[in-house]
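Consider the single chain below, provided in structure tokens and representing the form predicted alone.
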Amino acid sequence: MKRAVAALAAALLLASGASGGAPPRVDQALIDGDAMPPKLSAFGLFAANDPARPVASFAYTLNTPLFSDYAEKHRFISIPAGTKAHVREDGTIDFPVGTVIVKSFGWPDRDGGRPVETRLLIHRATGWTALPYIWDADGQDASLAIAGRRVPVTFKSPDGEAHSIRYAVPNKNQCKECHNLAGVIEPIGPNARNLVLPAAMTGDATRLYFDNPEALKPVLPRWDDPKSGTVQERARAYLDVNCSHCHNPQGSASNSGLFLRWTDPVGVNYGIGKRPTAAGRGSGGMDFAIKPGDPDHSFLIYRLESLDPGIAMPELGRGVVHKEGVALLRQWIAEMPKEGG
């Protein structure tokens, strides 16, 4: 429901830019340059610098989003006028230079839902640049936080449990770590199998921004919707989104030999009966990343349930355990036939 409401709200907000005189515009020259302005408002990405009024080409949601401490995210993309994105054969999207991918993080029960941070991924002639901005206390603007920061936040998870954490806004290098693919920064979330456009954005509207919109096929199940896929399919969607940006042959965890992309075969390299690649606390003394039929002795689960910085996975972007996500993975592993069973 939240996704649908967010998509509808975003679509309405985008449309609202066409009323009441000339719509606000982004500062494309600033986006195309190499500056890193100290204030988010310099880009002109929000009308009146109100985070609820994006100035965008289109908003989007994801069938299965990355877990970020239960934060609610609002996403949109700004593409330069007269240019279009192209969906590649592998489902990744080639966005034109001058594109900005914008993602704001907040919690509905904190500060009236106003975002804590807004991250920009800007495609410049030299490549993609990641810039994190933290909203000021008065909510009037956001300040560049190249070094990242810990922000105290209090919120409730869906089960009603209260959490008080020091939420981690990543620094610029941490942004690179997750977005690194073969040494190059690339977008992670928006791809053909997971990107969902607003329902009202069809036909000619989609062709304004994509030269082959028919290639956009969001086949990835929703991890938390049993109607969208089997337990295994939804578990694989969860691992693809939350883990595979590092756990792929070209990612920062390539040397682990654990590959968790949606397209990877479910075998040893997917963790089934896979032994640890190095001695250390990460395995918890267990023999296998995934032991079929036995989630309690699968160190993939052990790491997802840990908050110890030397054990927890993912290494970045998580200050609480995603109990619902882990429960899905536990169910998937428990339903696997045991060896010799």
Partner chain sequence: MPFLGLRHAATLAFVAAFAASPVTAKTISVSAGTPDANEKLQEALILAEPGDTVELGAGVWKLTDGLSLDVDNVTVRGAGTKDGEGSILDFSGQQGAGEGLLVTSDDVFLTNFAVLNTRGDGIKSKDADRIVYHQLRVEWTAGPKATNGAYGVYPVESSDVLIDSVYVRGASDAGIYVGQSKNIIVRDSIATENVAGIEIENSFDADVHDNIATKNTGGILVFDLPNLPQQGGHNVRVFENIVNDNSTPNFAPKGNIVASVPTGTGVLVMANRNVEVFGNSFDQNGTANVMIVGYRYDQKDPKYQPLPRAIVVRDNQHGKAGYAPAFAGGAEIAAAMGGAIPPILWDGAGDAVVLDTVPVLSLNLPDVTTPQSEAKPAPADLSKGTPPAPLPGITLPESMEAKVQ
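Residue numbers count along the first chain shown, from 1. Here the structure is a predicted model, which means the values were calculated and not measured.
Same protein, other form: the form predicted in complex with the partner chain, not shown, and the subject of what follows.
Peer 1: Based on heavy atom distances of 4.5 Å or less, which listed stretch (107-115, 147-155, 202-210, 89-97) is in contact with the partner chain in the predicted bound form?
Peer 2: That would be 147-155.
Peer 1: Could you tell me which one of Thr230, Thr263, Ser254, Ser143 places a heavy atom within 4.5 Å of the partner chain in the predicted bound form?
Peer 2: Exactly one residue meets the criterion: Ser254.
Peer 1: Is it the case that Pro38, Ser283 and Met286 all touch the partner chain in the predicted bound form, with a non-hydrogen atom of each within 4.5 angstroms?
Peer 2: Yes, the whole trio is in contact, each within 4.5 Å by some heavy atom.
Peer 1: Is Ala52 one of the residues lying within 4.5 Å of the partner chain in the predicted bound form, judged by heavy atom distances?
Peer 2: No - in the predicted bound form, heavy atoms of Ala52 and the partner chain never come within 4.5 Å of each other.
Peer 1: With the partner left out of view, is Asn171 within 4.5 angstroms of the partner chain in the predicted bound form by any non-hydrogen atom?
Peer 2: Yes, Asn171 is a contact residue.
Peer 1: State yes or no: in the predicted bound form, is some non-hydrogen atom of Ser244 no more than 4.5 angstroms from a non-hydrogen atom of the partner chain?
Peer 2: No - in the predicted bound form, heavy atoms of Ser244 and the partner chain never come within 4.5 Å of each other.
Peer 1: Although the partner chain is absent from this view, report whether Lys176 comes within 4.5 Å of it in the predicted bound form, heavy atoms only.
Peer 2: Yes - in the predicted bound form, heavy atoms of Lys176 and the partner chain come within 4.5 Å of each other.
Peer 1: Is any part of 295-315 within 4.5 angstroms of the partner chain in the predicted bound form by a non-hydrogen atom, and which residues would that be?
Peer 2: The stretch 295-315, when checked against the partner chain in the predicted bound form, contributes Asp308, Pro309, Gly310, Glu315 at the 4.5 Å heavy-atom cut-off.
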